[in-house]
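Below, in structure tokens: the form predicted alone, a single chain.
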């Protein structure tokens, strides 16, 4: 073999890939063989293309038509109260396009026009108020990038490796730039003197859909960083994401991000609604349940290579990439293991923005064609370290559904294919 390929130098490998010998290693065509895609005029260069008005709202090109949200049909009895998954294996960077961002509905996505939209603030306030959509746009607004993760993300993996694809194990998450008015601003507009001591007060937030999904939020969080949002990634919210207005609760489980937000009530205590008693609590081994487990702890996953994104180029330079996030704040470090957690290498973090947003990580390495047990382990600014599944089970048993932030393992085979396995 050429000496270039005995060296771990990435630069040397990429220089050599232009030579004829590189064809057998990197999949590059030999420079000595004419490539008609280079030497001959192709159809796309011989005729004019589509005009600027061909697609008034831009759509992905047809070659990317497999990059879509996907459902698991057997997961729920009916798609009206179900979830689909972000194709995180096919994305890069951190921002999730709205058209790819996962959906979770309790009674289906409704159509609610801006002109028909109303938001009521009532309860322990000085003056109950009702806002129209146009009213909200007149308040000072903020823009923040946050991740939204369903509490059940990775929930099917508690008992062992179940679903063979990162879209299905970790795809109940998206990361978008939200624009809107702080919840604090609207509460202060209604006045909170009537509530007295705010340290023990709560707000109850409710949606306008048929399920009337409602959650109780401590006043401390409501006055901190919650956002009443009407834009995402610069454009209006999509119907499935709560158009025209939704609540954003940074770092906390997605069920609290109430869509089609219609009511905010200031109260003396929590409502103890269905979604915070029989649901969205964590059942322990002894049958008792952890309650008020809102924060999404630090978590990471390798998106490529993974079962839906196998290695297709053979041995040589390899970019191992993935996502990390924490509801406690910024990600400070991600380690990657190629041997199931025996040894670790520190990955390179991509550009970070807001706290409580997704962070992209990369490990630029060289693959020798051998099998790997790929894992990622995240750490956040509080010092929290992402646990193994064994560590989680030691505390919580195997009865839980929600808040599974364990280290995930992909078994990468010699042919480049990957499979979901458990290495606890």
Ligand SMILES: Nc1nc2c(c(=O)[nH]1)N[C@H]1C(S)=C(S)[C@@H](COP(=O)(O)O)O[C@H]1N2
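This structure is a prediction, so every number in the text was calculated from the model and none was measured. Positions refer to the first chain, counted from 1.
Beyond what is shown, the protein has a form predicted in complex with this ligand; the following relates to that form.
Colleague: Tell me the stretch among 182 to 190, 211 to 219, 345 to 353, 308 to 316 that has any heavy atom within 4.5 angstroms of this ligand in the model of the complex.
Modeller: Heavy-atom contact with the partner occurs in 211 to 219.
Colleague: Applying a 4.5 Å heavy atom distance criterion, does residue 85 contact this ligand in the model of the complex?
Modeller: Residue 85: no contact with this ligand in the model of the complex.
Colleague: Do residue 325 and this ligand come within 4.5 Å of each other in the model of the complex, heavy atoms counted?
Modeller: So residue 325 does not count as contacting this ligand.
Colleague: Even though the partner isn't displayed, in the model of the complex is residue 94 close enough to this ligand, meaning a heavy atom within 4.5 Å?
Modeller: Heavy-atom contact with this ligand at 4.5 Å: absent for residue 94.
Colleague: Determine whether any heavy atom of residue 106 comes within 4.5 Å of a heavy atom of this ligand in the model of the complex, and answer yes or no.
Modeller: Because a heavy atom of residue 106 falls inside 4.5 Å of this ligand in the model of the complex, the answer is yes.
Colleague: Between the options 266, 145, 119, 150, which residue brings a heavy atom to within 4.5 Å of this ligand in the model of the complex?
Modeller: Partner contact (heavy atom, 4.5 Å) among the options: 150.
Colleague: Of the options 281, 255, 304, 337, which one has a non-hydrogen atom that comes within 4.5 Å of this ligand in the model of the complex?
Modeller: None of the other options qualify; the answer is 255.
Colleague: Counting only non-hydrogen atoms and a 4.5 Å threshold, tell me whether 333, 377 and 387 all contact this ligand in the model of the complex.
Modeller: The answer is no; none of 333, 377 and 387 reaches this ligand.
Colleague: Out of 235 to 266, which residues reach within 4.5 Å of this ligand in the model of the complex, heavy atoms considered?
Modeller: Heavy-atom contacts to this ligand in the model of the complex: 240, 241, 246, 254, 255, 257, 258, 259, 260.
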